[in-house]
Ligand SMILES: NC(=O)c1ccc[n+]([C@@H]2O[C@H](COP(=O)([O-])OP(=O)(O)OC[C@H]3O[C@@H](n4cnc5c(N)ncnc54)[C@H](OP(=O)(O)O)[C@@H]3O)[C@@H](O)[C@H]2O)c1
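The data below hold one chain only, encoded as structure tokens and taken in the form predicted alone.
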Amino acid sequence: MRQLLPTPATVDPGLAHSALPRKPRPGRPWVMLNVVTSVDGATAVGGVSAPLGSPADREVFSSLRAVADVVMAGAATVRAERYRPPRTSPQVQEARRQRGQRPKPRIAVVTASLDLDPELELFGDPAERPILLTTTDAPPSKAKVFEERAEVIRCGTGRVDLRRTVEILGDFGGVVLCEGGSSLNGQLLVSGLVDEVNLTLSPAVVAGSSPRLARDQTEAHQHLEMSHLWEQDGMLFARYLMAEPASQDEQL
């Protein structure tokens, strides 16, 4: 894979991402987003992201999962993409052990209503039970079903309290990777809980009504600083960090 910025080079995504510093924030873990979009901003084709991807995109996807302690996604994304327990290679598992991480990342699902299929492959491995982050008023009958298959954590009433959610996930490790969807991404951004955005730009246009990278009823105009830009087979892979707020003197 070619690195275009900050300096031209050849990079290995796995080695590059594992070497990047991601220090937990005070009281919470480091949170990164990973999203693939078309040139016109679509995040899905036919309801799923796979048609926008490529082998290079899957390599970057795996590299980000390899460094995360927790992989978080919203229920709609989990349903659409048919999530399953993480398939982490023995080599990556050993590298994670050497860094003091568990061999595989935990999967965490944000779901206010527990509207998930308990027969989903995600719930099929007792050794890799997912974390379900739900509300205090989620249906008790559904909670009982999932408590046999997952670690159910209640945080918030009516709507999952994302700030509390991120704090809780910090108990499982210092790096959380969010894989969407756009509503969850938007809530995290509006809440000021995102530290890093990894954007894959696919050389395609989609039109249609696909959701954008992030959406919420509240706007949150935040500046980003590019950390790197890679390219392979026409796909662009940009890593951005949240810009530090300007000082009062800089604002004058």
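Just so we're clear, the structure is a prediction, and the values are computed from it rather than from any experiment. All residue numbers refer to positions in the sequence shown, first residue = 1.
Keep in mind the form predicted in complex with the ligand is missing from the figure; the text below concerns it.
At least one heavy atom of residue 79 is located within 4.5 Å of the ligand in the model of the complex. Interface membership of residue 169, defined by any non-hydrogen atom within 4.5 Å of the ligand in the model of the complex, is ruled out. Although the partner is absent here, residue 201 is not a contact residue: none of its heavy atoms lies within 4.5 angstroms of the ligand in the model of the complex.
The ligand in the model of the complex is approached by residue 35, whose closest heavy atom lies within 4.5 angstroms of it. The partner is absent here, but in the model of the complex a heavy atom of 75, alone among 150, 75, 95, 138, sits within 4.5 Å of the ligand. Screening 84, 164, 159, 102 for any heavy atom within 4.5 Å of the ligand in the model of the complex leaves a single hit, 159. Here the chain stands alone, but in the model of the complex its contact with the ligand, taken as any heavy atom within 4.5 Å, falls in 181-189 among 24-32, 217-225, 201-209, 181-189. Using a 4.5 Å heavy atom cutoff, 44, 49 and 113 all lie near the ligand in the model of the complex.
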